[in-house]
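Taking the form predicted on its own, here's one chain by itself in structure tokens.
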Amino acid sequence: MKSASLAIRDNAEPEDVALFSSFITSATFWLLFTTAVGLLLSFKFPYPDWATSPFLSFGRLRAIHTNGTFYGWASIALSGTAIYVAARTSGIGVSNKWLAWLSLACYNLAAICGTITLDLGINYGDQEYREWVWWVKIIFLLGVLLSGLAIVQTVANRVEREIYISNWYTIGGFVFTPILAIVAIIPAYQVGLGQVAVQGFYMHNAVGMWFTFLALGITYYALPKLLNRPIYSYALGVLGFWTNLVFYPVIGAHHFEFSPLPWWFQTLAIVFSVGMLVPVWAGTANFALTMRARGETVRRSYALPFIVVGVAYYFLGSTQGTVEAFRSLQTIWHFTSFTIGHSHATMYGFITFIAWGGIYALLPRATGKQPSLLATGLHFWFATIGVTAYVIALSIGGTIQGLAWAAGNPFIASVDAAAPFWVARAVAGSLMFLAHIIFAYNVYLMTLAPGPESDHWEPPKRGKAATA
């Protein structure tokens, strides 16, 4: 991987640069902390007698890892990048910057309080990805609302009449997520089958209607920017947006097949899971065709290899999710390590790689400070090899687990069969965590390290957007 020139610098307002840098710095802290917790958890599988303090118990740490990764790392990184993209595509600075700063404070406060309460054993119960107690969720929701309001106001004050496709996706995520969060805390829904249905609705849409929308919005901006060519098809982008909005909200119920949920509801979730192939394949084709015949540009870029891997895992992980929804395969894979591998293929291989690609693409242009070429290459290869080995190991181990259960073998037989793959998971996780340390070093170089001053900004002329 050779260096691409980063001499071009955005004419961004200094406070916008500081805002973007602060979001990414905060997100990087949560990435390091929560994945360190995840690494500890991965070693607890082959070595269950290790770190047995109640504060280091699997039940508490697992919730800290998942919630912190979701709402600390990914939410802050994607929100900060989306706010910056909204300003660049609108040709103006971020409107009402205090809203964005306050949203960052809310995100961090929620992540801190959520981590402390979970480690003290104070939680909402066994509701995956929503173990935070209600008042912590409200703080996080306030952060989402404030970020979304900052983006909407920025886009509303744009120079150009057209709304760029990136902002369709990001605003869609900020509109749907408050609905998702409010439904998930309504007390009347938290009993019996209602709770089961809402759990499926929440945990799947937290990925598909929040992280996916933000990641795709960032890709629709960063990819053409880095390639210096327009997106292949605006129409495919619009098709992906609306079909994702139509199909995704229902498919969470495929997590509860063979449960007491109505059979028609489970079947509808399977049908809509198949329908999700439309936005996934449309989006993947759009990105792939935009990158066609630009292999040398990809090879020489800091950011594009991350986006390429992110797009590949978007296609593979989402298509795998459709296949996994069929009842014949749910009987084998459900409740096994396979689903953990799938979740990392999507949240790590897709979402996190796209976040990294967006950061490497835009942060140097904002601050004028470059990452280390060697460190970026090491980050890329450690993370790519790590997540690929992780997904493959758990996919194989989970399939063996499920087949052992289906055959009626003693439970301990499935444990013995999966044990070698859990060791492989821990090794792969170690590579991934090493990549995060290297990324944190690059973030330091792009933000806090001595470098060019950020007082180069000149007010853009009205009637002509700043370079998007």
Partner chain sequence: MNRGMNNVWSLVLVSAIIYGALAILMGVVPGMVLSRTPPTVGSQPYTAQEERGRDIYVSEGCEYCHTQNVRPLKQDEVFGRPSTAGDYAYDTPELLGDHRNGPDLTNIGGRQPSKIWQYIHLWEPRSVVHGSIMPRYTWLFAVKPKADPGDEVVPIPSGFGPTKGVVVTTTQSRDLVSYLESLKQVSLTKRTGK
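Residue numbers count along the first chain shown, from 1. From a predicted model like this one, the values you see are computed outputs, not experimental measurements.
The following text describes the form predicted together with the partner chain, which does not appear among the structures shown.
Of the candidates Gln190, Ser95, Asn108, Thr284, Gln190 is the one whose heavy atoms come within 4.5 Å of the partner chain in the model of the complex; the others do not.
Out of the listed residues Thr322, Ser259, Thr388, Thr290, Ser259 is the one that sits within 4.5 Å of the partner chain in the model of the complex by at least one heavy atom. When the partner chain is considered in the model of the complex, Val246 lines it closely, a heavy atom lying within 4.5 Å. Remark: Ile412 counts among the residues lining the partner chain in the model of the complex, judged by a heavy atom distance of 4.5 Å or less. The shortest heavy atom separation between Arg365 and the partner chain in the model of the complex exceeds 4.5 Å. With a 4.5 Å cutoff on heavy atoms, Ala63 counts as touching the partner chain in the model of the complex. Stretch-level contact check against the partner chain in the model of the complex with heavy atoms at 4.5 Å: of 311-319, 293-301, 354-362, 205-213, the positive one is 205-213. Across the proposed site, Thr35, Thr399 and Ala435 without exception lack any heavy atom within 4.5 Å of the partner chain in the model of the complex. Applying a 4.5 Å heavy atom cutoff to the partner chain in the model of the complex picks out Val175, Phe176, Ile179, Leu180, Val183, Tyr189, Gln190, Val191, Gly192, Leu193, Gly194, Gln195, Val196 from 174-196, in order along the sequence.
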